[in-house]
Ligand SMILES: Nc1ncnc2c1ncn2[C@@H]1O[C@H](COP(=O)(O)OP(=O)(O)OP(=O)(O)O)[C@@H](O)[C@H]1O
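A single chain comes next, written as structure tokens; it is the form predicted alone.
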């Protein structure tokens, strides 16, 4: 079974991901893959340098995120061009890792994809697990964690699909408003119901 794990900013998805890791499930982490595909010497980084110029590389041949960010900032066309190079590479590598785990005899693989719904990647997985919190808790946690004002935090939250919409597309929802223990109990119950524990 392939389980898609998702949530929203400050919903506590990383906490649940770490719990799944502790149970011994292999995790394909979309954020990690996004960094792996642009490592020095990678085909993707080469393509980005060809399209955006060598100046987006540091002296060590690494991606200079600040320089690239400055180029695509406020330029929708260039941002889309960058996405058209990076997104297929991320998808391909995520599927490669997923299939490698399955080939190694793993029965259950977790795909940790923050923008699972936004990127329309539901077809990558068999079951979708959404880590959710109430809006108040989400706002509070984000302001504390990232030292943001209420306005800044709200803007970040609103840039993503609302959790209520994600919940509707989920096979199971973990309510992460309470303690870590309460979250763990919910996770165990879901994994038992899905017969993967």
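Owing to the predicted nature of the structure, the values given are computational and were not obtained by experimental measurement. Positions refer to the first chain, counted from 1. Note that the rigid core is defined as the largest set of C-alphas that superpose within 1.5 Å between two forms.
Note that the form predicted together with the ligand isn't included here; everything after this is about it.
- Although the partner is absent from the chain shown here, none of 4, 123 and 172 has a heavy atom within 4.5 Å of the ligand in the predicted complex.
- In terms of contact with the ligand in the predicted complex, the residue from 167, 152, 31, 62 that brings a heavy atom within 4.5 Å is 31.
- For residue 141, a non-hydrogen atom is located within 4.5 Å of the ligand in the predicted complex, even though that partner is not displayed.
- Within this chain, residue 10 lines the site of the ligand in the predicted complex, having a heavy atom no more than 4.5 Å away.
- Heavy atoms of residue 15 reach within 4.5 Å of the ligand in the predicted complex, making it an interface residue.
- Heavy atoms of residue 54 never reach within 4.5 Å of the ligand in the predicted complex, leaving it off the interface.
- In the predicted complex, the residues of 160 to 197 lying within 4.5 Å of the ligand by at least one heavy atom are, in order, 176, 178, 179, 180, 183.
- Positional change of residue 27 between this form and the one not shown stays under 2 Å at the C-alpha, relative to the superposed core.
- Once the rigid core is used as the reference frame, the Cα position of residue 147 differs between this form and the one not shown by 2 Å or more.
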